[in-house]
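Below you will find one chain, with nothing else, as structure tokens; this is the form predicted on its own, and questions on how it binds or moves follow later.
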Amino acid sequence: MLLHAALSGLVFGFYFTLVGLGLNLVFGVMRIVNLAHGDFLMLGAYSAFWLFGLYHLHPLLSAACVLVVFTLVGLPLYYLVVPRLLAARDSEMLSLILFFGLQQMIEAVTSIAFGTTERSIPGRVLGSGPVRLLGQALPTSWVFSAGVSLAAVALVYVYLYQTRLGMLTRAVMVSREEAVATGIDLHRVCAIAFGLGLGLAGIAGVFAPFMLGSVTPAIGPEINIAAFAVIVVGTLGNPLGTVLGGIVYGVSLMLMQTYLSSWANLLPNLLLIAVLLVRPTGLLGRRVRRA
């Protein structure tokens, strides 16, 4: 049971890395909190359900479509709301209020359009039969989703460390003021990062029906809590630290569901409290020396 829980947790950890990756990228670049992140993930799930139901489109192709569409949607959305937030004195607090309103609007519109019935996609779409790892059987849909998540993490790594735009993005993450002083087009860099963050949320949503069982329009807040637990554990503002946070969260979740199932729903809150009390900067964060 322990080995199965650990392997399942590792697979879920890779998936939850993708769940938190876009949120952490947006925060790292812009220092704003996108409370609508979980709802964009939900929209990605409904997009996959709709594309599969109407056109029998494979989720992998749906993920590619969702990535493009959500990224393109993110660009005008950024210019509509984010520059005003960045210019404000307390941009983080204002972002909480603004994106909370956006979250409520998305949930309400989706509920009206699709209803509140749970939606899912058959797991056999990603392959039938279990995958055996170290003698343990895991659903093929879980392993496939985890593989896509790792591929997305690899692409973000290439974007941040192997491209000129990624270098500019990391410069903005280190110091927005110094980046502007060197002539970097701040809004161009931030707009692309914001769009990419929504695109990553959309990809995570495509595979949510396989990893979570089903989705409803009300799933956004629950996803947000899990995503915040992942990025706080892995360090806020460090996109690649999300990998560590996702693994810790996934393994802890599976162990809790195996041995203390009645407490499993409290895991995100327990992780947040524990990390904030013991190491507020996250597991990969650096301590700040006070003068």
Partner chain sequence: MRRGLRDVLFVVLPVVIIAAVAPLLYANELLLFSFVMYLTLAQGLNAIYGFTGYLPFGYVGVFGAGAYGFAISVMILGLPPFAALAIGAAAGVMLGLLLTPLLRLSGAYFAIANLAAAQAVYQVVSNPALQDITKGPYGVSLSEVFAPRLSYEVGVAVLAATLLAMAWLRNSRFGLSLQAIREDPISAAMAGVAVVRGRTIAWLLSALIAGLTGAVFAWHISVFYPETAFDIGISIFATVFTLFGGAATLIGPLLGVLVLYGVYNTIGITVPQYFQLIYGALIVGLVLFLPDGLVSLLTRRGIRVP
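Positions refer to the first chain, counted from 1. Between two forms, the rigid core is the largest collection of C-alphas that superpose within 1.5 Å. As the structure is a computational prediction, the values presented were derived from the model and not from experiment.
The same protein has a further form, the form predicted in complex with its partner chain, not shown here; the description that follows concerns it.
- Remark: of stretches 194 to 202, 154 to 162, 68 to 76, 107 to 115, the one touching its partner chain in the predicted complex is 107 to 115 (heavy atom within 4.5 Å).
- Proximity of L134 to its partner chain in the predicted complex falls outside the 4.5 Å heavy atom cutoff.
- Using a 4.5 Å cutoff between non-hydrogen atoms, C190 does not count as a contact of its partner chain in the predicted complex.
- Heavy atoms of L150 never reach within 4.5 Å of its partner chain in the predicted complex, leaving it off the interface.
- Although the partner is absent here, W263 lies within 4.5 Å of its partner chain in the predicted complex, judged by heavy atoms.
- In the predicted complex, L94, L96, I97, L98, F100, G101, L102, Q104, M105, E107, A108, V109, I112 are the residues of 94 to 131 with at least one heavy atom within 4.5 Å of its partner chain, listed from first to last.
- Relative to the superposed core, L10 undergoes a Cα shift smaller than 2 Å between this form and the one not shown.
- Core-superposed comparison between this form and the one not shown: the C-alpha position of C65 differs by less than 2 Å.
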